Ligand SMILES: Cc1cc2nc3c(=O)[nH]c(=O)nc-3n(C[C@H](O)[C@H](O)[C@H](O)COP(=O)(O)O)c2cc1C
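The chain below stands alone and is given as structure tokens, in the form predicted on its own.
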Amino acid sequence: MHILAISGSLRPNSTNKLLIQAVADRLPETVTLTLFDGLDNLPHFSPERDTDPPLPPVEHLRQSIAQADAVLICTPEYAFGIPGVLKNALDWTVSTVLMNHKPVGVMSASPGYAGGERAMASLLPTLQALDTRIPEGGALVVSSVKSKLALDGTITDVPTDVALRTLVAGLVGLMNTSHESY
């Protein structure tokens, strides 16, 4: 089984990418995870640009999602919401059924005390509109993230580690359920 991870941060060493790596480190051997590498190449969404065949960067996104058994999104909070590049990527999936019933795990992390709660609040309705399936424990907000991660990405906070393991278990369980229904 395969998970496609999407980081809402374009920074190479962002805490969001470190959290994605922490999830990857907790996956069973039967599950692989790949970080999507084309978020910043996507053109601005407009229905007029949603053509057949799709533009190459859009096709890359859609193929990556289609080939994944689940999607993991980890995003920072920008201006009380999710970054525009992440919303743009999700907008490119609206005219497809790629995300319908797809298992999705979501994390929002912020150095602030509120910890990305507003980003999560803006992300969840979009995922609901896309008809995704978020497992029990599959949505995680990590506040004060820099105090919970070592520089190498090691989780130093026990409750955060437990929450990550819960997210992984829920997402993998939902992936297994999805496979059994085929």
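A residue's number is simply how far along the shown sequence it sits, counting from 1. What you are looking at is a predicted structure, and each value in this text was computed from that prediction instead of being measured.
Keep in mind that the form predicted together with the ligand is missing from the display, and what follows is about it.
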Using 4.5 Å between non-hydrogen atoms, is residue 148 touching the ligand in the predicted bound form?
-> no
Would residue 160 sit within 4.5 Å of the ligand in the predicted bound form, counting heavy atoms only?
-> no
Is residue 97 one of the residues lying within 4.5 Å of the ligand in the predicted bound form, judged by heavy atom distances?
-> no
Proximity of residue 93 to the ligand in the predicted bound form, heavy atoms at 4.5 Å | no
Residues of 46-80 having any heavy atom within 4.5 Å of the ligand in the predicted bound form, listed in sequence order | 76, 77, 78, 79, 80
